[in-house]
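Below you will find one chain, with nothing else, as structure tokens; this is the form predicted on its own, and questions on how it binds or moves follow later.
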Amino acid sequence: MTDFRTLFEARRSTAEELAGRVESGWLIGMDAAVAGTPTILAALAERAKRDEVKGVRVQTLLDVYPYAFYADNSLYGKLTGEAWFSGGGARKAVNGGWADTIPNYYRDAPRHIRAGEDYDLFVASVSPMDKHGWFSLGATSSYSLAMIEKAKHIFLEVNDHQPRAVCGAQIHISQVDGLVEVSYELPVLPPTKQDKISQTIGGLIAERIEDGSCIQLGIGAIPDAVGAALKDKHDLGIHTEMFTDSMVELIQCGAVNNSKKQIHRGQSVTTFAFGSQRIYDYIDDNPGIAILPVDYVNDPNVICRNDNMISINAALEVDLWGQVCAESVGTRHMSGTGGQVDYVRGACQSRGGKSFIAFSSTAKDDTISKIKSILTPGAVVTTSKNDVDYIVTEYGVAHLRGESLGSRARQLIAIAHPNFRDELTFEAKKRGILI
């Protein structure tokens, strides 16, 4: 019988020693959010500052740790970040010109990884090894397996704060080249502040969600408000990209039991989780949550297999055609496409499904309308005019799917802030949209 503990000890090292194995020109990959390895990468950044490596690229998704290669522009060309989807650090670096971003539908990331160049190194944060030699990849499974297939080397940070997801991706000690034992709490999201606008929007959406529906919620005040407004519903299910605090609340209050789902009945399905410590505690050793690869979870052909699928996502602005920008402010990069389009399409293909794009009607103290005659020049279209379904602001709900341009414009103007309706109407008439 293999002594897995002996294998573990043989691979145990320090972050500095593991970083010392990295060579110039390497491509390093990691998965989303709390799957990152801040200890190893901090040690690698110190090597880059000493000019010991150059040309190393590190791919991230939703960076939640303060990685030096995003914070310090002097590392560009030595240790350079590439974001599949940007958090705050990557956003600053991409806009500053010392990092890059990879346009993609989240569901396609594993396909791009398998079709692309090999990874010299895959790094991951994992839970402690079990008696059979397996580590759980914890709160994240989105494209780890694809990167593991393509990686020449694998380094782990074994963190006793990482939850053990029994229905999630695993990696065996025999696959690992080096590991470091760490103990730090996972990053958490501060709770959102519920304001009147978010609560109003949440209520408008909740009115249109039936008992037994299957939901996907994004992140932020409005999705949290929707979750709060759904607590009186019954037999809801969860099939989502990101598992959030509002979902734990819906499970604990009994609104979600996953009993009416057509697939994965009895389980909440996600591809990664990020939020409060309550989320990580809920995941730990819980067979009621399945953390599965994103090319399955976010596949519209899988999403739509659940009847009455409901997707709820955000936008930065929408034009009168119904084009949704959710990832830039003009030319200024903010995040990425993520899974918004995956769930818009999946929900609309579902029997009885609905997709909602929700946002407050204005920005900067009511001085800027988020419903615009045309998108801000340079704005990136996230969800196309042909995919969009429902648009929601605090002033109401517009149903655009299958509607004419004139009908779309009238509905969108009706849910814009009153201060901008005359201007939007003038522009629509000027362009011949309203006649």
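In this text, all values refer to a predicted model and were calculated from it rather than measured experimentally. Don't overthink the numbering: it's just position in the shown sequence, from 1.
We do not show the form predicted together with a small molecule, though everything after this point is about it.
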Checklist entry - Based on heavy atom distances of at most 4.5 Å to the small molecule in the predicted bound form, which listed stretch, 224-232, 260-268, 75-83, 309-317, is the contact stretch? => result 309-317
Checklist entry - Could you tell me if residue 218 has a non-hydrogen atom within 4.5 Å of the small molecule in the predicted bound form? => result yes
Next on the checklist: If we define contact as a non-hydrogen atom of the residue within 4.5 angstroms of the partner, is residue 323 a contact of the small molecule in the predicted bound form?
Outcome noted: no
Checklist entry - Taking heavy atoms and a 4.5 Å cut-off, does residue 355 contact the small molecule in the predicted bound form? => result no
Next on the checklist: Although the partner isn't part of this model, could you tell me whether residue 335 comes within 4.5 Å of the small molecule in the predicted bound form, counting any heavy atom of the residue?
Outcome noted: yes
Item to check | Triplet 241, 329 and 364 all within 4.5 Å of the small molecule in the predicted bound form via a heavy atom | outcome: yes
Checklist entry - Ok, 339, 346, 275, 237: which has a heavy atom sitting within 4.5 Å of the small molecule in the predicted bound form? => result 339
Checklist outcome for this item: Exactly one of 385, 49, 399, 370 comes within 4.5 Å of the small molecule in the predicted bound form through a heavy atom, and that residue is 370
